[in-house]
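Quick setup: one chain, the form predicted alone, written in structure tokens, and binding and motion questions come after.
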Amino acid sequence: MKQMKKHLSRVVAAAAMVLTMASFAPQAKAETPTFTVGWSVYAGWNPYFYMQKSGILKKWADKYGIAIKVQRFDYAASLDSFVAKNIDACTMTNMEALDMPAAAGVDSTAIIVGDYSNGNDAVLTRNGLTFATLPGKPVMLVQKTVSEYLLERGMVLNGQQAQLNKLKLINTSDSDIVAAFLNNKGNQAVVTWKPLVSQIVADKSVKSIFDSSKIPGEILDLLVVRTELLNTPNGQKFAKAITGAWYETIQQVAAGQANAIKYSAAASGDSVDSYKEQLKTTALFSAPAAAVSFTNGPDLQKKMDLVRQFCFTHGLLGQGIKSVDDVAILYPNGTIQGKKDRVRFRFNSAYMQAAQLGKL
């Protein structure tokens, strides 16, 4: 009996020693918060590829103790993934921010206003066709996108608003539109974006009759984050890191730094010369001060009103939406376009402003 008690006391002592040693053992390392940014091919978004390739992204993520991945998608797939909450942030236009996440009830926030299309999108015609003679003729484009928006703006600004209901639109995917238009001379009008525009106008019989430089600031290219994520401490770290990485990256692109141009071009399989040509018609807000000024200025609200009215007229703001005000937009100064209890899309200039002040 005494021997058994002695054995048990040894077991208890050994167990206590193990517990004591465990209390001094290194704690398991906490999992690093990881975020994913979806981007798609476009002159103003290709730099995300260079951002990762160059190590700029990792440097900024490390600064905030997080990890950030960038992932290339087809455009529509990136929007679907964002709405499904499979990715944390996504590059998109201001129009798609309204007709995809906002229309689906996903509250989202634009934290980077990267650029606006300044000629990248164009209405192209053959045989001297003009806006006055366009009604009734087939027009090839990707319907319910900025291409249709551009076409309607061109009609309105050229005095043809009354003829909008006579437009004959032929929905054509962006992967097919160049060949479909060029291989059939019977096609007389097409609306698309670069680099597809550049490929089409290489045919000297085709002329541009209108492009996005005529409506500056109406087709915006943004980085959008889910608002619920932005309201968390780690989400704010992510916003600071990606904004810092963006401005370091885009300033190299704007300055024509060789690797920045080379890898941004490679992101879409373009040549350096082709990518440089696309940049000429992309109004980059490479300096955060310019982006902040635009985002905080009154013109943005006027331009967004045109976009939201288009989306509502074409039934793009979601099912059961009876008024354009049912999907509201919040601006940095607190102004709300629409019903105050229906805010689904927000512009937040705080992170761009922090970059401007060197506080990231």
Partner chain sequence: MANLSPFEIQARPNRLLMQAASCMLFVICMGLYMQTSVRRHHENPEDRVVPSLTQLAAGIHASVLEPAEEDDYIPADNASKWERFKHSMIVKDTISSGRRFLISLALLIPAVVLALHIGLYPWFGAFFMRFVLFFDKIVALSLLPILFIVFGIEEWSKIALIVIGVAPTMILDVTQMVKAVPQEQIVKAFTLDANNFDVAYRVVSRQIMPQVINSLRLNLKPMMLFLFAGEMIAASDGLAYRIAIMRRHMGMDVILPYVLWVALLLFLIDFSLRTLNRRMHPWFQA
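Positions refer to the first chain, counted from 1. The shown structure was predicted, so the numbers you read here are calculated from the model rather than taken from an experiment.
Omitted from view is the form predicted in complex with its partner chain, to which the following refers.
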item	value
Options 200-208, 82-90, 254-262, 109-117; stretch whose heavy atom lies within 4.5 Å of its partner chain in the predicted bound form	82-90
Close approach of Thr313 to its partner chain in the predicted bound form, 4.5 Å, heavy atom	yes
Contact label in the predicted bound form: Asp99 to its partner chain, heavy atom within 4.5 Å	yes
4.5 Å heavy atom contact, Arg346 to its partner chain in the predicted bound form	no
Residue contact check: Asn127 to its partner chain in the predicted bound form, 4.5 Å heavy atom	no
Listed residue (Gly159, Gly269, Pro233, Gly105) with a non-hydrogen atom within 4.5 angstroms of its partner chain in the predicted bound form	Gly105
Among the candidates Thr249, Thr192, Asn187, Thr243, the residue which, in the predicted bound form, approaches its partner chain to within 4.5 Å (heavy atoms)	Asn187
Neighbours of its partner chain in the predicted bound form among 126-149 [non-hydrogen atom within 4.5 angstroms]	Met140, Val142, Gln143, Lys144, Thr145
